[in-house]
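Let us start with two forms of the same protein chain, each given on its own as structure tokens and named structure 1 and structure 2.
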Structure 1
């Protein structure tokens, strides 16, 4: 066809409003393409009982986003892969998400080891990396990582200090303490601290050292491997040591399994703390778990319900958890951290009105982000960690309640003393 004839046809089509639709591939249909957010979760393996909480949160949050018009006017698609509770799998799958699935954004996985492995991939490709449950704070020097497990950079000091300070307020405070610690990287760091100072990160610390500084006598310090289910030998050692306070640096179902083993020994701890338990299984342990404490950053009562999006989290998570058959349907620290991670990611995207990783990170580093856990200001000088916002909760009357400090306690609750 001659050039003059082509111009005539184009002019005719333009007059009819038909031209250029096929000639603008960068515009045609692009608005309908979803924004793809990728991540992994431990849908199987030993971390699955807690990871399912994060799975429910992710699906509920994405559903909410799409009901509200999506992100940047585009529908959101959540691309989640099963890392099987293995860091190596997590790293490989994040590589796949970036290079094969071509996701626009990343969300971190569940668990310290998996997050640490996945973060290396995010850093290699320059992705913004929000994550909700990593506690190996000293390892995270990547400038575009954004934690919502807001425990402070020196959590190996601040977390055990909160725990022991709460117990030392009792009329009959503990004088001895026994430690049972999962070798999982995060729980081990919280128990035994860090060998060297790295910038703003202090050397030393850990619950064992802090306990001694608080005047407590350590009568037991035993470790176990992740995935352990037979706690009978450890239960026997606990019974023999008989500490005033049992500190269990465990996660998931470690607590209920250890409680069952202690029952077989005819032993009930006087005071007992559990680092990161699955909330439902602990309550399901019934009388065995009476008085058990843990740390938290969100619970389904005031003052937490006044935070940004808190009631939305409670309503949506509770409905989704019930539909998913969970025994405990109230959102707590795991769900709160997870929801906050999604809030951070969305705040960055909406703040810069873009999907550019550098601009998203720049917005988050220079603006306060409101979350269900409170207002977050990411501090580059402290590896993007803010202050330690954790409080202490306890099982009382078959429910979890924040009991310390007083200004965060629910329904006038306070820490209850020894069971025996």
Structure 2
């Protein structure tokens, strides 16, 4: 009896083993290995407040991809490392992603300096390098980099032209302009341009120069350091200059801090523009920020919502940002650029039906890519930039709306000013 029983158990185990073996991937299971997409983000350090937006987007996008069947029929795995807001770390970690983590694809990090450092690694190994937030357009000559901060190569001309053109449509357009510029490389480049021609980039430009070309009289041009917390003396200088248009080449919290300092001095700007403000803290500044303008490449209203995948971005990002405890949960420029970068990468892979870096790059360079920001055509002759897709947004009724140009404006919205 005992021997029979033992044989039955052995037969049962053998049978189960065969079933298990049949179900397991084995040789053909190679195709079931996930596609690993690697990148770094500044999960800690001074860039973390904005980088977390890109972290949320990456996770939401990969989750969506996997829910929809993955990429090339394979599950997608997002391998993200913390570069601590340091370009050196970013470069070292991209080296690790390629050589040790053996990722199949790369996604760019957050921030100009980190992107520049990481791009050199991508170039060394020939990886396709989509990236979302690099502002020094002239610095990127790698033929397989694909920017989605789609502001045009000569953004030091086109960005200020858009800003001043929009204000010059007002019934009472500004005649004087004052510049207050953060020394951050990107804001300085947009304000003061580039002395020499670099690659395909035009020399000169910058908001100060463009303002003069548009016939505006520059009454103030001062710079402040990154991390400045006391804006009272700068507010005093603005008050004394009293420009018709205040151009703040600031980022993050510079805007709200400067607005408070101006209010304390009893000064309200007539028209005021901010380069890259944090949208939430600007709105939290309440009535002080009324009428403030900025540039954008995505807002969660029409006509943007008609773009490829825009509603998915709004739904998924807003839910994830709310769950993540963010104060401002609507996707705008940062989230839009980030989502578009993932769309570009996926379009390249699906376009060539492969993970071959050269073929992905060829597909992207020879095809229009539909994104939440609109259609992208990467032009090699312009270092893979296309046209400048930025529009002007303004705080009206306590919310951001695109107000210029008319075809991109939110329903019933147009640029308002002057405020006094």
Partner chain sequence: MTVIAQTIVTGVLLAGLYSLFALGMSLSWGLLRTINFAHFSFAFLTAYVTYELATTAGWDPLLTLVVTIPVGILLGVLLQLFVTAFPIDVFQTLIVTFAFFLILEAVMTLVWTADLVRIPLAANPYFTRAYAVGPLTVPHLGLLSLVAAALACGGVYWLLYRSHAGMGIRAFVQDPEMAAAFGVDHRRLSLLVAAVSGATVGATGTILGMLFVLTPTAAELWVAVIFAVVLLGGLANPVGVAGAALIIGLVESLTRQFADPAMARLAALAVLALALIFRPQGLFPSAVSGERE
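Each form is matched to the other, and the largest set of C-alpha atoms that superpose within 1.5 Å is called the rigid core. Being a predicted model, the structure only gives us computed values, none of them experimental. Numbering follows the first chain given and starts at 1.
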query	finding
Of structures 1 and 2, the form predicted alone	1
Identified hinge, 153, 110, 190, 211, relative rotation of rigid parts between structure 1 and structure 2	153
Rotational displacement of the minor rigid part between structure 1 and structure 2 [degrees]	10
Angstrom shift of the Cα atom of residue 233 between structure 1 and structure 2 (superposition on rigid core)	4.0
